[in-house]
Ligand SMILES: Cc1cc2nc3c(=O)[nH]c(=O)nc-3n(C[C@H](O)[C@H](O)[C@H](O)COP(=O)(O)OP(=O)(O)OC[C@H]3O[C@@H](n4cnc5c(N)ncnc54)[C@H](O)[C@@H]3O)c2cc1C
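The chain below stands alone, shown as structure tokens; this is the form predicted on its own.
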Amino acid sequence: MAEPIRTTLQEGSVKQAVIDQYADDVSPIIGVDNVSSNHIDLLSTCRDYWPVNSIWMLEGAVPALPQLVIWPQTTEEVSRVLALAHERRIPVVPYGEGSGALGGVVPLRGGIMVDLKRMNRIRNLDQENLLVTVECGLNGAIYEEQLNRSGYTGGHFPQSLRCSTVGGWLACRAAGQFSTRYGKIEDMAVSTEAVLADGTIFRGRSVPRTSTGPRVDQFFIGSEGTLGIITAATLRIWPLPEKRHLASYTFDQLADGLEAIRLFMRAGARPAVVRLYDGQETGNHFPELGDQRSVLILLIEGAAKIVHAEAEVIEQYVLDHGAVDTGPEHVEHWLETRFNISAASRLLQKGAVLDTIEVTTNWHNAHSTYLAMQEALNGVEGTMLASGHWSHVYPEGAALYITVVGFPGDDKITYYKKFWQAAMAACLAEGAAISHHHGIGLHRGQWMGAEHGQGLEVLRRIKNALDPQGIMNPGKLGLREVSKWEK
């Protein structure tokens, strides 16, 4: 008999007799082929791309294991399986494609993994109103491809496009690489359909704007499966752009690039892609430019006349701040390589510990937050690199990414915790927000109190009202202590 796989964060599980009875009772609802306790199915849904998971997997361990995996195919089936789990107080974790970066799908208390990949249809394409109603389990790349065939784009291109789902985007308030033009997922969401812990189905109305009290369906955006399961959403779409303009510029000083971006955003330009790299990342991604200057890459798309006007406005501001025009080829290179994360896999196999920490700043603290977080990370023993870039820019500020790579030796987990503590302390001290789009998951929950203050208690009250048994994705969003990880 094979040795059981070691778990590192398992906080509990449900009595096996209860799980077995649940499996027997749920099989007639969703079909026996959509219920599994096979070890391979439990392993394939027990983790996401949180770097700590990868460290443990290379050591032959997993963070925690569910006890059952089910694949519902309709909202009504989700309602019935949740009602049954609620009645029996069985923990439930919704699962898309496991592309999260913070342990958001780790089943800390065992129970049931609700894998939503079979809910993968576009229900309705409303061309007159530029809306699409789509189920939560549809893969992001397939979603975009299906829209393209009809002459539209969803405008949402996260790096995880090929391994994430529409429901996952909504659950963690995701951003795509073209967010400066099209917005984050919460800007695209007109309404959501969700199922509460007790099986209640809620459907929001797909109207453009309302003044009818708080929008209840908005509660579920960013809830990371802690309040219920998002089963479908109506999203905004756009006609495929008529024209695309690519441009890149380099700056002697990183701060000059930031100021140029602030000013052209203030003037009303809305390029789809704005990415400003520090010298280290310029050297890594664009070696032909060296590592002495910062590169800004821009992609502008839409109606041809608007694209032309935006390009003129932007160029005026960047050249006024000492930029050198370096042509479109660097943007073309970025477009070709933007989904490639093979370097991270190679570094992991060589013993590195690495992560990308994204935070949100306003313009007044964008540069100081970068400097503070970089200094804090470089001060942690074992760090070899702490570099940064900005993207997802808005009139009020931008998302800052800090990439950290370290070789700490044997105690990789302790090192990981230390550099995150240093980064978050620096972020909060500068007045920045602890996440722009990766969400909170399991790991970032320990800073939610510092982020929200009394607001976290309000969120806990909402959680208790909608999920009084506490069965929905336990231990996430900082709603309760995760003892084995935080100690």
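Quick note: we count residues from 1 along the sequence shown, nothing fancier. This one's a predicted model, so the numbers in the text were calculated from it and none came from an experiment.
Heads up, the form predicted together with the ligand isn't pictured, but that's what we're talking about next.
Q: For the three residues V52, A352 and A426, which mark the spot I'm curious about, does each lie within 4.5 Å of the ligand in the model of the complex through at least one heavy atom?
A: No, the candidate spot makes no contact with the ligand.
Q: At 4.5 Å between heavy atoms, is R444 in contact with the ligand in the model of the complex?
A: R444 lies outside the contact set for the ligand.
Q: Is there a heavy atom of A175 no more than 4.5 Å from a heavy atom of the ligand in the model of the complex?
A: Yes, contact at 4.5 Å.
Q: So in the model of the complex, is the ligand close enough to T250 to count as touching (4.5 Å, heavy atoms)?
A: Outside the cut-off, so no.
Q: Wondering, does V93 line up within 4.5 Å of the ligand in the model of the complex on heavy atoms?
A: Heavy-atom contact with the ligand at 4.5 Å: present for V93.
Q: Find the only residue in P158, G388, G257, G155 having a heavy atom within 4.5 Å of the ligand in the model of the complex.
A: Selected option: P158.
Q: Just to confirm, with a 4.5 Å cut-off on non-hydrogen atoms, which of P271, G225, G110, G397 contacts the ligand in the model of the complex?
A: Answer to the contact question: G225.
Q: Pick from 198-206, 164-172, 68-76, 81-89: which stretch has non-hydrogen atoms within 4.5 Å of the ligand in the model of the complex?
A: Answer to the contact question: 164-172.
Q: Going by heavy atoms, what in 230-265 lies within 4.5 angstroms of the ligand in the model of the complex?
A: Only I230 sits within 4.5 Å of the partner.
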